[in-house]
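In structure tokens, one chain follows: the form predicted alone.
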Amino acid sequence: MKASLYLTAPGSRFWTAASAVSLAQAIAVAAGCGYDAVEVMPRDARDPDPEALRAMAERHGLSVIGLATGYVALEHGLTFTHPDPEVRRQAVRAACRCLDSALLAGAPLISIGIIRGKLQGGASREEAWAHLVDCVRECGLYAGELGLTLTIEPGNRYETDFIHTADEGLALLRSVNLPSVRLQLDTFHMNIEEASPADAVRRAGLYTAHVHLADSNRRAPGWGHLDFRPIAGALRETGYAGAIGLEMLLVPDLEAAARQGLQFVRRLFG
């Protein structure tokens, strides 16, 4: 099973997976540890330049498996559930530019996380949900045209007001109804929101296109108290054939966390 290391572009406001070294150095570390691929949270659609990112990865024998859209919300304040329709239009355009970048970087997917936003401006949950469905559908249609996948990551209640569980993610998939829109499960969020992460994996089944691993404290797997064995067993049962991404705090430092995470995944999945 392929393993990818989640990295952020230097200067990004996304604190998870932040590293003090350059992206080129971080990619070299990932290769040295034995990873197959990297995922990147850019600072903007062309920061880093997607073709340069692809070349950097390929020089080390790696691929770019995905780009994250979180920068659209973090750097520009644009979200899919914002009450202002112009803000939503700009968020969709930005997400589509991220899809363009993913194509140039050779990445098969982009992830939808905090770009979905939070309730604000007096909008009802029903109104915000309708906006979310419309925006995801528009981006999903464009992803399909490009031959890419848009993944929806259920997140914990402290980071988002929408889609905390796999079941809620599946409800969004049913509303959007596009084969180019799938789920991305993350064990850190699942540990907070799911009664049984393993059962959630089973319910998500073949709708899961990507999986992130981090322990209960968002550190590398094995450095917290989460039992990953039932989750790995459920992934095997469902026939999951995608990559395992390590999205975790890079502490005590990048290389130590990267090695621990990869060693844990190799032992877990054999």
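Every value quoted in this text rests on a predicted model; they were computed, and no experiment measured them. All residue numbers are counted from 1 along the displayed sequence.
Form predicted in complex with a small molecule: not shown, discussed below.
Among heavy atoms of R218, some come within 4.5 Å of the small molecule in the model of the complex. In the model of the complex, at least one heavy atom of G113 sits within 4.5 Å of the small molecule. In the model of the complex, H212 approaches the small molecule with a heavy atom inside 4.5 Å. Put simply, E159 is close to the small molecule in the model of the complex: some heavy atom of it is within 4.5 Å. Note that among 77-85, 130-138, 113-121, 91-99, the stretch whose heavy atoms approach the small molecule to within 4.5 Å in the model of the complex is 113-121.
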